[in-house]
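Have a look below at one chain only, the form predicted on its own, in structure tokens format.
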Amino acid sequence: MLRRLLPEFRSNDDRRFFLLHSPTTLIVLLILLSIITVLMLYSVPVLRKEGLGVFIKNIWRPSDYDPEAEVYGLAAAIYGSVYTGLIAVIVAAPLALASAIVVEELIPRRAKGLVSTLMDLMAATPTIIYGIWGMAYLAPLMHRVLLLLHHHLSWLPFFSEPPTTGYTIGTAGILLGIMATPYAAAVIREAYSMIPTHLREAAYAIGATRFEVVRILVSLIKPSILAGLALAFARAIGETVAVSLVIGNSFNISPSITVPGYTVSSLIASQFANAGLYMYMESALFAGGLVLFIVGLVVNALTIWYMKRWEEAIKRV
């Protein structure tokens, strides 16, 4: 059985090469298994106490005197993570796609390297820089914008509540979208640059305009666009420092983007230092980490499933 799982070696060098590098993959898998195990084991106490209610309750009530009086619910934080992640994808999608098209199609070849480097520099910028920029500039700006939107569009659920500050779910989502754009753009740009030149030339040969050519080429990289946006979503829901500074840190479940909120990451960052003082709080925070892991796993699985279906459809054509 083991012999069937192992590859066939043409020489002793191939066998030595395999034996030298295969432990690396095993180490990575063991690390992943260790992460899953730790998250599950540390989540057990709160799951025993609250059951699945820890994921659907919107209560966060520690108790200094009676551990049994503690009640923890992650509903608001899970909602905030998914909501801000979706806002981030909505913001990052047009920015990433447009920047990739501009770099590959519109700007001169000599400027392409400079623009690409600047975009990569955005990805390498420490998240705390985005956070303090969001506090100093984006939050006050968003406060004015959200007040205006609430004044004119309060009949929409997204702007139904008056913003008291600029530290809101909407501000956090837009900041996360800006932070995730370089990652999505890098994936889309790489896929776009790998499209064979003869396809572009064939489109121009039949009289297509530049806009039509770009539309044809973009349709060829749909899986890469989806992969880039999935990466942006994963980047957004996992961000901690920057989102903690601008989201307002309040337990709210509302469709309105004008109110403060919480994400699982910001909840863990703000509460973990004091979690050891309570019987079940630390376990509840680990349960939140487990939820983030599962959400990321589901998003990646759906993305891979879509890409495989797309590849099968292309093969049939």
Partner chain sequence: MSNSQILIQQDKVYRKRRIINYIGLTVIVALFITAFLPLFHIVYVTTINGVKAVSKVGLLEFLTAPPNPVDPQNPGGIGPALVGTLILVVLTTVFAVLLALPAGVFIAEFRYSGMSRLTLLLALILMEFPTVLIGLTVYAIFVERLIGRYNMLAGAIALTIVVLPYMIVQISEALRHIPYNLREAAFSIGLTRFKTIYRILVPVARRGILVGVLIGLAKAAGETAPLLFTIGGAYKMVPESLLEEGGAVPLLIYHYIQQPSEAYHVLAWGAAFILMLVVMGVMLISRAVVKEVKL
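Here, rigid core means the biggest group of C-alpha atoms that superpose within 1.5 Å across both forms. Please read all numbers here as calculations on a predicted model, not as lab measurements. Numbering follows the first chain given and starts at 1.
Just so it is clear, the following notes concern the form predicted together with the partner chain, a form of the same protein that is not shown.
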Query raised in the report: Is there a non-hydrogen atom of G238 within 4.5 angstroms of a non-hydrogen atom of the partner chain in the model of the complex?
Result: yes
Query raised in the report: Heavy atom to heavy atom, is Y83 within 4.5 Å of the partner chain in the model of the complex?
Result: no
Query raised in the report: Does G289 reach the partner chain in the model of the complex if we count a contact as any heavy atom within 4.5 Å?
Result: yes
Query raised in the report: Can Y306 be called a contact residue for the partner chain in the model of the complex at 4.5 Å between heavy atoms?
Result: no
**Report entry** Contact test, all of I35, T117 and M135, partner the partner chain in the model of the complex, heavy atom 4.5 Å
**Finding:** yes
Report summary line: The one residue among V145, I216, L106, L226 placing a heavy atom within 4.5 Å of the partner chain in the model of the complex is L106
Report summary line: Answer key: of Y79, Y72, Y130, F159, within 4.5 Å of the partner chain in the model of the complex (heavy atoms) is Y130
Query - Residues in 185-207 with any heavy atom within 4.5 Å of the partner chain in the model of the complex - result: E190, G207
Requested in this report: Kindly check if the Cα atom of I27 is displaced 2 angstroms or more between the shown form and the other one relative to the superposed rigid core.
Outcome: yes
